[in-house]
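One chain is shown next in structure tokens, namely the form predicted on its own.
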């Protein structure tokens, strides 16, 4: 079953749309769904041109394709998603994939903040850049992502994978400040540069294939390792937090 949601032109295009109803399982019972624009509840067909091809009996057999100008205004798409696929042919707004447990979300553009927030399973592929707090916990929370995979083919913003406790996060470009802060577990891989990685980590593994700028002095260097054809410097810590995490970097610079 393939559901295509093509955004209609909107006069008030700056207003975000709360679209947590857009998950594959909801389309098994039809397209009579609602979203919110500001304080107005709108039928799905007031915001999108809706096209349905085929049928399905389970979420795993449903693909939702979102297209058109303004997809960056859509918030909470794929929240609590547990199966199937969502394809976004453009950018997507904040909180995409919140609490996701299964299925796949593929974003062909950029993603706004909190992509994959506290997700527990499934896969998110972002072909562009991801903003701050990708795969992290929410403010005040103690646990971020616990399972699944997030892969960003561009760069990521600050606080990437903050408080991650499980799963895998891969960024092919640079990451911002405090990548992997408060790590409890899981794996974080940054293919390029970042700053102050893995601050206050307690467990897990963080790999920086570029330069770790502002390297914290509370990590203990224990040697070098070969990892996927790369020679990386191995640190353990954060010893300021009695942490037993593993930080691997190609190069590093301490703060001046």
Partner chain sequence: MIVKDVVCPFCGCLCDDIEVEVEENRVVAVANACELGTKKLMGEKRMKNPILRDGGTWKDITYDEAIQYTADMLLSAERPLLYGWSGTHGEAQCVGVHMAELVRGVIDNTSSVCHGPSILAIQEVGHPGCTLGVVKNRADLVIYWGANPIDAHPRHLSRYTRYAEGFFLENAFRDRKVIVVDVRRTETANIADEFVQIKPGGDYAVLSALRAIVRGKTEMIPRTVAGVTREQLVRVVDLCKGAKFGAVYFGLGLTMTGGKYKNIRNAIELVSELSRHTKFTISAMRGHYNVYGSNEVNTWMTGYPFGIDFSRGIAFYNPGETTAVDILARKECDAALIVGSDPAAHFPRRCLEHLADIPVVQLDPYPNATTAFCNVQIPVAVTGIDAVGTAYRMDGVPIRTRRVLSTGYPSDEEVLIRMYALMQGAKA
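Residue numbers count along the first chain shown, from 1. Bear in mind the structure is a predicted one, so any value in this text is a computation, not a measurement.
Not on display, but discussed next: the form predicted in complex with the partner chain.
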* Structure fact -> Checking 217, 54, 30, 223 against the partner chain in the predicted bound form, the residue with a non-hydrogen atom inside 4.5 angstroms turns out to be 217
* Selected contact from 199, 47, 189, 66, since only one has a non-hydrogen atom within 4.5 angstroms of the partner chain in the predicted bound form -> 199
* Structure fact -> Of 106-114, 81-89, 168-176, 120-128, the segment with heavy atoms within 4.5 Å of the partner chain in the predicted bound form is residues 106-114
* Any chance residue 153 has a heavy atom within 4.5 Å of the partner chain in the predicted bound form? -> no
* **Partner contact for residue 230 in the predicted bound form: the partner chain, 4.5 angstroms, heavy atom** => no
* So in the predicted bound form, does residue 15 come within 4.5 Å of the partner chain, heavy atom to heavy atom? -> yes
* To do: Please check if residue 36 has a heavy atom lying within 4.5 Å of any heavy atom of the partner chain in the predicted bound form.
  => yes
* Taking heavy atoms and a 4.5 Å limit, what residues of 142-162 are near the partner chain in the predicted bound form? -> 142, 159, 162
